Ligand SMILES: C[S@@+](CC[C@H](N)C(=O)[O-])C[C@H]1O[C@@H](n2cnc3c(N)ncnc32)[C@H](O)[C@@H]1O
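Just one chain follows, in the form predicted alone, and it is written as structure tokens.
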């Protein structure tokens, strides 16, 4: 099983080339999510496993009326790049299994191709629920080559989340839109 230090080291070592290597694929994933989610009503948005911050930057460029944007990632190097590229967004180096965030803070939470990298994804999912307000929309995508739709659904069924929608993206991911029960 992969440990957190290995995960951080892997992403730290690829941080400088990450955007050039994955921009095309990431853009397709983001478009898939934007076709399903309206972010304009959200007061606070969290991206768990934000990498270099591109997703939050795209969201912040829409009309969001004072929305708070926060990205967390385990990789210090990814967060350094995110800070440099998007200084108006808050980025935090943090372990998604122990989010340094108060309960009931975020009205939308995104986790894009993150959970399948973790040794205990259920812990991160519980943290995402903890920091979510009552009517929070939680959007999760995972790499379909590493996890099945059934595996993702089983994980979510262990929580107090309700799956509102499943999808399969044109590229790499499968995903779900969830709400608290």
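Residue numbers count along the first chain shown, from 1. Because the structure is a prediction, the values reported are computed rather than measured.
Missing here is the form predicted together with the ligand; even so, the following discussion is about that form.
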I need the one stretch from 146-154, 113-121, 36-44, 129-137 whose residues put non-hydrogen atoms within 4.5 angstroms of the ligand in the model of the complex. 113-121
Out of 72, 89, 81, 101, which one falls within 4.5 Å of the ligand in the model of the complex, going by heavy atoms? 72
So in the model of the complex, does residue 50 come within 4.5 Å of the ligand, heavy atom to heavy atom? yes
The ligand contact in the model of the complex: residue 7, any heavy atom under 4.5 Å: yes
Does the ligand get within 4.5 angstroms of any non-hydrogen atom of residue 108 in the model of the complex? no
Within 12-26, which residues come within 4.5 Å of the ligand in the model of the complex, counting heavy atoms only? 18, 26
